[in-house]
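Shown next as structure tokens: one chain only, the form predicted alone.
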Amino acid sequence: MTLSPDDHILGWIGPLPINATIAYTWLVMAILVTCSYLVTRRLNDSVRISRWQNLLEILVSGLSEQIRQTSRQEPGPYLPFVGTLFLFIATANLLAVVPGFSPPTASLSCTTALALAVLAAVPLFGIAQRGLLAYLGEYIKPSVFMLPFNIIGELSRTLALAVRLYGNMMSGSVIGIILLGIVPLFFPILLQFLGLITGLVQAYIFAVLAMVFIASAQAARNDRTPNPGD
């Protein structure tokens, strides 16, 4: 039993090993790109639309509304990034029910890469919204002595993002393998169903937390405390 798809080597490209994490990450990306092309190539604004366009509009509307409620800003600039995070994680987690597929989100290297993408996006959105000096000034508030603590805070929440997603997905896979050996019929099926729900929940949590971090980078620290009257 391997605890991570990193340990499963599928092949080699010269001296470079291709493990299950790399292969299945590219597979998920290929599925998303292909589905996106097939769904969006015949978009129309008529009354009668395809069921796939209807599903796409529901998904985009739901993500947009969630971003609006989380950040209290228009979702336009953030929807591509946050939506991509959600779709990638959700697709990878849902494909875990396919025999032989190892979700890349069960690898710490994959979840770390996703968390690093959020770490890079936070200052980019913050600087774009507030300017370089105003954004960097938040790291020395209320005192310059807070600089190392604020930097540690940024890094620790990035680590928490990566470990949370990895831990939930990896533990689900391990428990499924154990139950398959003990009770080979009923419990594994039930666990797979619960795993689908958990995978969607984890994708939602990761995307929402990413939006929370981005929104916090765009607001002054004095404005981050919610008004009790809101």
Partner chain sequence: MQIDWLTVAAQWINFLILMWLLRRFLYQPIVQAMDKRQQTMAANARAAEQKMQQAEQEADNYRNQLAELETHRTALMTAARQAAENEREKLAKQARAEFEILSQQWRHDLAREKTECQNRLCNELSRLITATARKALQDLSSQELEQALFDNFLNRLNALSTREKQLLSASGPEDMALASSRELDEASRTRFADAMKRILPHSNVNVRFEVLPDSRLGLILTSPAYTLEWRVERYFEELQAELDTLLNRAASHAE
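Here the structure is a predicted model, which is why all the values come from computation and not from measurement. Numbering follows the first chain given and starts at 1.
Note that the form predicted together with its partner chain isn't included here; everything after this is about it.
Undergrad: Would you confirm whether the three residues N93, A96 and G199 all fall within 4.5 Å of its partner chain in the model of the complex, going by non-hydrogen atoms?
TA: No, the whole trio is out of contact, none within 4.5 Å by any heavy atom.
Undergrad: Of A160, I127, A113, L147, which one comes within 4.5 Å of its partner chain in the model of the complex, counting heavy atoms only?
TA: If I apply the 4.5 Å criterion carefully, the residue I get is A113.
Undergrad: Any chance F193 has a heavy atom within 4.5 Å of its partner chain in the model of the complex?
TA: No, no contact at 4.5 Å.
Undergrad: Wondering, does L43 line up within 4.5 Å of its partner chain in the model of the complex on heavy atoms?
TA: L43: yes, in contact with its partner chain in the model of the complex.
Undergrad: Hey, in the model of the complex, is S61 touching its partner chain, heavy atoms inside 4.5 Å?
TA: Yes, S61 sits close enough to its partner chain in the model of the complex that at least one of its heavy atoms falls within 4.5 Å.
Undergrad: Is A134 part of the interface with its partner chain in the model of the complex - any heavy atom within 4.5 Å?
TA: Outside the cut-off, so no.
Undergrad: Listed by sequence position, which residues of 77-103 have a non-hydrogen atom within 4.5 angstroms of its partner chain in the model of the complex?
TA: Going through 77-103 in order - heavy atoms within 4.5 Å of its partner chain in the model of the complex - the hits are L79, P80, F81, G83, T84, L85, L87, F88.
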